[in-house]
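A single chain, nothing else alongside it, follows as structure tokens in the form predicted on its own.
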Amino acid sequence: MTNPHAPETNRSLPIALLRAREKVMGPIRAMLADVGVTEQQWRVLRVLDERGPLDPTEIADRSCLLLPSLTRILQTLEGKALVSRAAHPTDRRKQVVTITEDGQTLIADNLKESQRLNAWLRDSFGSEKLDALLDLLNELDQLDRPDGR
């Protein structure tokens, strides 16, 4: 028996976001599987490639990861020689993470496929709609949570 007061799942924002994420990430996951990195590792490498050396807290924030997860990801990426870690030059308690030449090569080698997937999305969905969606999602991200966090 259905609940006549419950909204339909196709009008549920959390479910719509999950469905859209899977539509976008499916082809990207296939690309990443071919090169042996996870989505999370790819995000970290992209952030470091775009921003340069960063401390782990900023990497976690920019790549939408929790710091404990990032710690494990950095260990894996360092083991693959895709990033390096060093003590912060002025505060030895902190670390600075840098993408290595191998990490930059991995990004560069997959840039064409990444751009092809982005072009597919833009062509399939429409440039104006995609730009509007990105603007709306970024605006949504700026909202304060109802619990004040």
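Note that this is a predicted model, so its numbers are computed, not measured. The first residue of the sequence shown is number 1, and the count goes up from there.
Keep in mind that the form predicted together with the DNA is missing from the display, and what follows is about it.
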Partner contact check in the predicted complex: of 102 to 110, 45 to 53, 116 to 124, 83 to 91, the stretch with a heavy atom within 4.5 Å of the DNA is 83 to 91
Look up in the predicted complex whether E22 has a non-hydrogen atom within 4.5 angstroms of the DNA, and give yes or no. yes
Taking the DNA as it sits in the predicted complex, is V35 in contact with it (heavy atom to heavy atom, 4.5 Å or less)? no
Contact flag, S69 vs the DNA in the predicted complex, heavy atom cut 4.5 Å: yes
Using a 4.5 Å heavy atom cut-off, state whether T57 contacts the DNA in the predicted complex. yes
